[in-house]
Structure formats: C-alpha cells, structure tokens
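The chain below stands alone and is given in structure tokens; this is the form predicted on its own.
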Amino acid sequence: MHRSLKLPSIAQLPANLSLSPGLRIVAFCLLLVLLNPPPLLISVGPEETVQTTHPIVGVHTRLTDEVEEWKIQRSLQMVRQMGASWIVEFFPWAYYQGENREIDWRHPDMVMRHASAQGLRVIARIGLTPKWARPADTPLNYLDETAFADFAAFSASFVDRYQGQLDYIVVGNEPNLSFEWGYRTTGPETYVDLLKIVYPAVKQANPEITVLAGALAPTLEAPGSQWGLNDLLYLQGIYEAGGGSFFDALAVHSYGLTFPPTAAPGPEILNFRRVELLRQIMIENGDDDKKIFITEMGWNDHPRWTRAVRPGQRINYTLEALRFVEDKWEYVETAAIWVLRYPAPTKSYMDYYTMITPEFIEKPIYQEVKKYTGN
C-alpha cells in the first residue's frame, strides 16, 4: 500500500524548537538561492559585420556603469543594427586598478569581446584616477604630474591587452575644462606634459595604435578663467608647447545646440561647424595630414532646456550633419553621436541626448539613423 508523506504544519512543531544563529543564516541563504532566478547564459556567437551605406557613422555607447552582460551585448547589437561602424567607450582607470596595483580586466574584457563580435571599431577613452594615485580628498578626475607615469603604464597595458581588437585610444577627456582635472587650474602645457609620457609608452606597447589628443570641449572661456579655456586657444597652446609630435589625430566634441548643422562658424559662436576652426589651426601648425575624430556630437530635444531643439529638428539636424561631414570634411574619420543609452535615467536634460531608453526601447532618432544607414 502506497502512503504519501505528510509534513507537519507549523502548528504541529514542538513549541520549544529553535534554530541556532548559524543554521538561521544557512537557511536564509538557501532561501535567497531558491528565490533568485538562474543566471543568464550569454553566448557571444559568430562575428557579425556592420551593414551600412555610411561608414562614418558612430555612437558613444557609455557602458561604463553597465554591469549585466546581456545588456552590454544588447547595446552593441543595437549599435550594429543601427548601421554604426564605430563606438566610443569610456574605460575608467580608477575602476580597474586597486591599491595592490593589480588590474581587474573583467569588465573591459566583456565590452571588448562583445564589440569585436558585433564587428565594431572601438575608440577607447581612458580617464579617472584611482585613489592611490591622487592626493587625499581629491575627486576621481583629479590627475596631477605625480600620477602621469602611472596613467601611462595603465594605458600601455590596455593597448597591449587588446591588440587586434583596439586601434584608437583617447588620452583623457576635455582637458581644456578644469572640471576634467578635478578642478585643478591647468593649461595646455600640462596636457602636453601628459602626452609626452603617455604617447611613447603606448606606442612601445602597440606600435599600431592611433593616439588621439583631446577630446576638446567647445567653450568660450577666456584665459584666466577658473572653469577652462577656449578650445581654439587651447589647441594653439598645445602646438606652442611642442605637443604636435605626441598625438596621431585630434578628437573633438561638436554640439549644435540650437543652431542647424550648416550654420557658419565663428570664433565667438558654439555650433557644429566649429570643427572647421580647429582644423584651420591644425593646418597652420603643419598638421594637415592628421585626421579629426568627432567623438561626441548631436542635438538635445529636452522640452524645457534652453539649448535644446524640437524632436523633429533633432532628427533632421543629425542626419543633415552626417551628410555634411561626408560631403565637406574629408579630414574627419568618424562622427560619433552622443549618446546611445544610459543604464538608468539621469532624470535631467541629459536623458534627451539618448537614442534608446534604459529598457532598450528605440527612440525615433535611432530609427531614422538606422534608415539613413540602409538598415
């Protein structure tokens, strides 16, 4: 005769039954394991190829704070499906190298592995300083001369590790803004001092790497400002400090703000065609053979920000700008739109630069660029 096993109810258990603290912890951990779903198994898959009629199109991916591998993979799949051949991605030194000087490569390995699988060309921006490499009570983006050699060593390790997957590296970001130096007051001479240490180090590690200087922020700040320095003056200062021999190409940021992309440039105007003024400075200093990489560009469609445009204008201006770059600027290698996606909402006007939502919902700007590239 078969009898079913009946477990006692809580009411039937002895009143004096109790678990030791150790067993309670074990039971709680077992409960968590049972409640959590099994981890997703991510398959990288065969290497893909970007299909595009406009290979100049790129996008800034901003995977820095994305911790789930499937979201990194999905983001890069959507880049390829949009027809963008290039990504610009931020790899923070401070996130990877701790007090023991060992480098944790897991996150950059993950990003580079999936970017390679999607057939994307990567421009790696290196920045942020570990706590051990900066003075006490200074912010993450504080970098002074005492850490230049350490920054160079990390950059060299980075380009060496990803040989065959990585062709471009940007040294720092917007060095003409004091914020990007941890609110240190610096000039182009300081940045050139950094380039002079980083450039030979990364070239020795990987002679094929292309070193980008910049990326310069468009600003009209006058000499002596506590906030930064006009990008035109800063670039000229780089050349005057002897920096021209320590970079292979120039990275720039080109935002249209409320101007259409074809609006004429001028020294006192911040608009998309300010790139032409930077290019003229390169020519005047004998660097006309070097390319320009636009590592951030675009328009914002926040409904209340005074520097934004309407959503339809944003789409039209972006496509018109890409056509303009291809038709007029033979010296520009890529134009990377800021920004594909943030891992979570910023709850600010910055969300209105994105092309897809944190939940991977396509915005009209994404769909129209996808059509533009023939996808």
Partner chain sequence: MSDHLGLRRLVMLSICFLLLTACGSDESSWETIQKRGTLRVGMDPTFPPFELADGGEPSGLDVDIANAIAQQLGLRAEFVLVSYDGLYDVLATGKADLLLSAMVVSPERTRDFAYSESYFNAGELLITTRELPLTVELSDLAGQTIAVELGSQGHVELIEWAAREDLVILPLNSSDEAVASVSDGAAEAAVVDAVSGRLAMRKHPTLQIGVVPVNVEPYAAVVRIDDSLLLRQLNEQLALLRDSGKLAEIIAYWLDEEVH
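These numbers come from a predicted model, not from an experiment. Positions refer to the first chain, counted from 1.
Just so it is clear, the following notes concern the form predicted in complex with the partner chain, a form of the same protein that is not shown.
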E221, R310 and K363 - do all three of these have some heavy atom no more than 4.5 Å from the partner chain in the predicted bound form?
yes
Within 4.5 angstroms, counting heavy atoms, which one of the listed stretches 197-205, 300-308, 79-87, 105-113 is next to the partner chain in the predicted bound form?
300-308
Given that the partner is absent here, does L233 sit within 4.5 Å of the partner chain in the predicted bound form, heavy atoms only?
no
Would you please decide whether W338 lies within 4.5 angstroms of the partner chain in the predicted bound form, comparing each non-hydrogen atom pair?
yes
With the cut-off set at 4.5 Å between non-hydrogen atoms, does I315 touch the partner chain in the predicted bound form?
yes
Partner proximity in the predicted bound form: Y255 to the partner chain, non-hydrogen atom cutoff 4.5 Å
yes
Which residue, Y239, F179, Y95, W132, has a heavy atom that falls within 4.5 Å of the partner chain in the predicted bound form?
F179
Exactly one residue in A249, L278, V192, A217 has a non-hydrogen atom within 4.5 Å of the partner chain in the predicted bound form; which is it?
A217
Checked 260-287 against the partner chain in the predicted bound form; residues with a heavy atom within 4.5 Å, sequence order, are L270
